[in-house]
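The form predicted on its own is given below as one chain in structure tokens.
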Amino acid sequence: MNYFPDEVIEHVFHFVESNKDRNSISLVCKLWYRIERFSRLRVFVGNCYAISPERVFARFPFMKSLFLKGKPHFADFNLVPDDWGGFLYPWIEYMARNKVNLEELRLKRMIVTDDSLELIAASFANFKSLVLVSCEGFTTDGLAAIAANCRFLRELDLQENEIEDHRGQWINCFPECHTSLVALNFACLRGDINLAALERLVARSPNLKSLRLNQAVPLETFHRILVRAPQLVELGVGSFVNDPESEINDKLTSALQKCQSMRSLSGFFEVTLSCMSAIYPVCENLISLNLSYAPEIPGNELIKIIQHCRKLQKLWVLDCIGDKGLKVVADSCKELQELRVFPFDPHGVRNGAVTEEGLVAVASGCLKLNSLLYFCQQMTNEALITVARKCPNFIRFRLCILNPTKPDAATMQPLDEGFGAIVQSCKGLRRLSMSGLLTDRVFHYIGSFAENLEMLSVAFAGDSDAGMLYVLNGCKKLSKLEIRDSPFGNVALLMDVRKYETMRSLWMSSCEVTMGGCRTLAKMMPRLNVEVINDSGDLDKHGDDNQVVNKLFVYRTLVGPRKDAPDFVWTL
């Protein structure tokens, strides 16, 4: 292939989109390294402290798109302190100063300030896409700067962010001429929105395909938006509440019938149940339905909706759907590939609405299922074995029993055999989260059979250090290991320290690792950042080696200890 001109090789490389494949290409020879370096436009950085912006842009000088992650994944479960770090500004400041032609920016669990957003708006003339997921630190003033100054903006996607809302006037700041907007999502905003400005924006955005509204957008405005934008493919509904005497329901049904391109539906933060039949006309073409933020839709109404969704490939719902509803999913949604069932009551005060019975029904009826997140009150080994047999194509399997140490509901035995069946049958499994009563035996299964596993999350599991060692020694492709409330200590941490150089990160909280073990790891592996997070203030940095560390975060880095660590984060 090296006999071809460089331009031909570069053209071939453009068809390779996977970051891992691009990395592999760059290792073939010096020529391919050089061509790949200058032709890579999209870069993924899984930890903003693993590398500096200087090194990223020296390696990929023509990069146009950056995906950057900050806080560890367990921040989603409030285990990482709010002020731990993950600041965006140094990256934006460097790119602005060096005139990087940035067009797309995707951020997850980052601290994003208004200064950062204003600098983006002022520095990157061709900026087109901003996606923020689980970020914090900014206000709608920063969004206003993006809207007003990014003239080629195609996508503004705000998911699960903590945003301080300054009266909702940011929506006024989009250009008054026709916009290039294709996707707009502000469903996570809690404050009011300028409804007239929103309607005008939709009217002058002929290319708009995806729109997700927040709870402040009433049904009347929603109807007028539908009339102006029947071309929408993805729709997030805000408030679905109306006056019983209003005629809006018939108008809404008529408007939705004209949305022939609709393929994704979400939202419904508030509902009037008598209005729900209006969405039935679009259900038959849906491939994605997210009702995980719709607590006011009861199980019987969910069943009516799902019976109309024969082409569904992705379904997110609350557990109020019940086992009965999941059986309807199994009967109706034969194309289903991804299912997420979230808890209506995450504290488990009320009786669980879904059990192993509903999961077995879905696995038996939806044979294309390959991705699962399932919150439930109980599980059995028999059910997991059946799921593994019926659906061997899982790449993501996450099971969360709300009582995390609960055994097999039928036999009162550990759930080792059930999860063992999952890792043995699902050869392509890349992500696994487990809960329930689990012993070292399940980790032996994982280390022996989960050859493609990249991310493992466990809690309240195992008997001894041997459990963690089974995983570290057996899972050759493991990239992220997250452990909480498990009996793993220094022996497991230090037995095979070179493994951590092949991984992105290790998180351990409420385990049995000591300060002495952490110091030893840092001394043995200087290219790792070994961070002890002492947010509780219980530890003495210069004290006894036998002090038990409550939170430990270990990650590989090319740039050494970070310079913005707060006082309670100690890099050893």
Partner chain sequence: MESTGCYDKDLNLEATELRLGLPGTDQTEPTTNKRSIHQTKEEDQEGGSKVASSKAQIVGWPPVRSFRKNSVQPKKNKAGTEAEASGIYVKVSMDGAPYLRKINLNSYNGYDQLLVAVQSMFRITIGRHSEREGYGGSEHAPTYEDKDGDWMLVGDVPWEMFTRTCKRLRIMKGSEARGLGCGV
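As the structure is a computational prediction, the values presented were derived from the model and not from experiment. Numbering follows the first chain given and starts at 1.
We do not show the form predicted together with the partner chain, though everything after this point is about it.
Novice: Even though the partner chain is not shown here, does it sit in the predicted bound form so that P206, P230 and N285 each have a heavy atom within 4.5 Å?
Specialist: Not a single residue of the candidate spot has a heavy atom within 4.5 Å of the partner chain in the predicted bound form.
Novice: Among 354 to 362, 137 to 145, 401 to 409, 174 to 182, which stretch sits within 4.5 Å of the partner chain in the predicted bound form, heavy atoms only?
Specialist: Residues of 401 to 409 come within 4.5 Å of the partner.
Novice: Consider the chain as shown here, without its partner, and state which of R190, R389, K99, K476 has a heavy atom within 4.5 Å of the partner chain in the predicted bound form.
Specialist: If I apply the 4.5 Å criterion carefully, the residue I get is R190.
Novice: Looking at P218, G428, P487, P81, which is the one with a non-hydrogen atom within 4.5 Å of the partner chain in the predicted bound form?
Specialist: Looking at P218, G428, P487, P81 one by one, just P487 meets the 4.5 Å heavy-atom criterion.
Novice: Do P281 and the partner chain come within 4.5 Å of each other in the predicted bound form, heavy atoms counted?
Specialist: Judged by the heavy-atom cut-off of 4.5 Å, P281 is well away from the partner chain in the predicted bound form.
Novice: Would you check, heavy atoms only and a 4.5 Å threshold, whether P414 touches the partner chain in the predicted bound form?
Specialist: P414: yes, in contact with the partner chain in the predicted bound form.
Novice: Decide whether M495 counts as a contact residue for the partner chain in the predicted bound form under a heavy atom distance cut-off of 4.5 Å.
Specialist: Heavy-atom contact with the partner chain at 4.5 Å: absent for M495.
Novice: Whether V548 contacts the partner chain in the predicted bound form should be assessed with a 4.5 Å heavy atom distance threshold; does it?
Specialist: Although the partner chain is absent here, V548 would touch it in the predicted bound form, with heavy atoms inside 4.5 Å.
Novice: Within 451 to 471, which residues have a heavy atom closer than or equal to 4.5 Å from the partner chain in the predicted bound form?
Specialist: Residues within 4.5 Å: A459, F460, D463.
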